[in-house]
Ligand code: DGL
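Given as structure tokens, the chain that follows is alone and in the form predicted on its own.
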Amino acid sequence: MTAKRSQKIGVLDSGVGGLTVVRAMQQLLPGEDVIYFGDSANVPYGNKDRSEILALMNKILDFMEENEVKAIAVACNTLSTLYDVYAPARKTKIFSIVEAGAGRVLEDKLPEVGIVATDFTIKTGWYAKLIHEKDPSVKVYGAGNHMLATILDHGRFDEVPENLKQNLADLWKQGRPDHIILGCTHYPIVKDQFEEQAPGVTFIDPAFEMAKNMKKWLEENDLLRRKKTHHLDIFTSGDPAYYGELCRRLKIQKPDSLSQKSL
């Protein structure tokens, strides 16, 4: 299928975390219409097995291609670690959030980096793999977080400080890097709390890096829309009202539609 400039961009995630990618796109790609799907009924993906994750992923990709998007941003780090499995079978251009985050480490020539992410993302070692393909000398430390994505997807913000404290303690048992990748798109929602717990550390938000990669590709393929307004449609298998609340919290332009859709 040949992409057209007028088509929308698809953004998908296991829940609300991918809204941080939408926020970055609204800053860097203000003229692009976006269709978003967050699978909050099945969050967190990082605690599921590989076959279940792939089955859910393919259903969401089918939904995006049915809506004839010109490109798809996989805003879920867990899903991005399986990029080589599902992407080759699709006709639509697909962007990986893990590739975006790893690219920032290489671009800045960092000697070491920490990663906080879901257990699945950490266990795959995908960030380290992508980084070490280009620069084997980079030291990569990773600490899995079993609950943070779920906590944020259910709005239980009072549980965040203790969760982050333990997650960072697990990371610091391995090393004390000056840069840490927020390896789940849910995490930038509480980036300020990460910064409070780790003063002096630079936290890398792959969502912004992904939006930069998307803009570059759109420009190179003459697909960038240069209008100043955009349309945002949000679909979720969970509670649409909570997505509206998160949009306000993240200062995302009010969605044009909020709908519940089961996979």
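Computed from a predicted model, the values in this text were never measured in an experiment. So that there is no doubt, residue numbering starts at 1 and follows the sequence shown.
This protein has a second form, the form predicted in complex with ligand DGL, left out of what is shown; the following refers to that one.
Chemist: My question is simply whether Val43 lines the interface with ligand DGL in the predicted complex - judged by any non-hydrogen atom within 4.5 Å.
Modeler: So Val43 counts as contacting ligand DGL.
Chemist: Hey, in the predicted complex, does Ala149 get a heavy atom within 4.5 angstroms of ligand DGL?
Modeler: Yes, Ala149 sits close enough to ligand DGL in the predicted complex that at least one of its heavy atoms falls within 4.5 Å.
Chemist: Look up in the predicted complex whether Ala102 has a non-hydrogen atom within 4.5 angstroms of ligand DGL, and give yes or no.
Modeler: Taking the distances in the predicted complex, the answer for Ala102 is no, it never comes within 4.5 Å of ligand DGL.
Chemist: Please tell me whether any heavy atom belonging to Cys184 falls inside 4.5 Å of a heavy atom of ligand DGL, as the geometry stands in the predicted complex.
Modeler: Close contact exists here: in the predicted complex, Cys184 approaches ligand DGL to within 4.5 Å, heavy atoms only.
Chemist: Just one of 73-81, 106-114, 133-141, 166-174 has heavy atoms within 4.5 Å of ligand DGL in the predicted complex; which?
Modeler: Single hit among the candidates: 73-81.
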